[in-house]
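Have a look below at one chain only, the form predicted on its own, in structure tokens format.
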Amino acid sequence: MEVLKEISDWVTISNFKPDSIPQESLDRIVSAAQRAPSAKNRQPWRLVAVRKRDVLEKIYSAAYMEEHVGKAPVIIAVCTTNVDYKMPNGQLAYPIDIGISLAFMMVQARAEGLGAHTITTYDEEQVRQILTVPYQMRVVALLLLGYAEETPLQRERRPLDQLLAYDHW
């Protein structure tokens, strides 16, 4: 796998085929999250992979019936165990840690020939209850996975010179 090519070719998938995902692919995607770096190696994520149609439908409802959520054959709820830990710079660690683990899973999904879509538009309390996530934990994001029904065109990206400065602002 050429990682930069996988990243360069990235598009968010919103229309999924109903085809199931092989267990081996799902295992490799979760393994990618397991390998993600985190603040002080706390690895604050816990994942709940949802494949059962009745549970997927409940999450679809909790996600305000967003069409793409209802089409995903697998949804991974990315939860955190460490909501209070702040890094020395004062930032909460878990949003950064979870973001890195999501990125690792999305790149692996692409390598598996799958599409992915991260969402945060859902009723967290409903999702927590559906998945029996402990009260002290947060459901930070949902990762939708599946084979793409269609591949949308890539959106234009800003040029690097608009993103990067060297040595000063």
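Just count from 1 along the sequence shown to find any residue number. Please read all numbers here as calculations on a predicted model, not as lab measurements.
Another form, the form predicted together with a small molecule, is not on view; read the next lines as being about it.
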- prompt: Looking at L47, I119, L131, A111, which has any heavy atom no more than 4.5 Å from the small molecule in the predicted complex?
  reply: I119
- line: Heavy atom within 4.5 Å of the small molecule in the predicted complex, from candidates T12, S20, S25, N15, belongs to T12
statement: Exactly one listed stretch (119 to 127, 54 to 62, 26 to 34, 39 to 47) reaches within 4.5 angstroms of the small molecule in the predicted complex by non-hydrogen atoms, and it is 119 to 127
- request: Answer with yes or no whether H68 is in contact with the small molecule in the predicted complex, where contact means some heavy atom within 4.5 Å.
  value: yes
task: Report whether the minimum heavy atom distance between R158 and the small molecule in the predicted complex is within 4.5 Å.
output: no
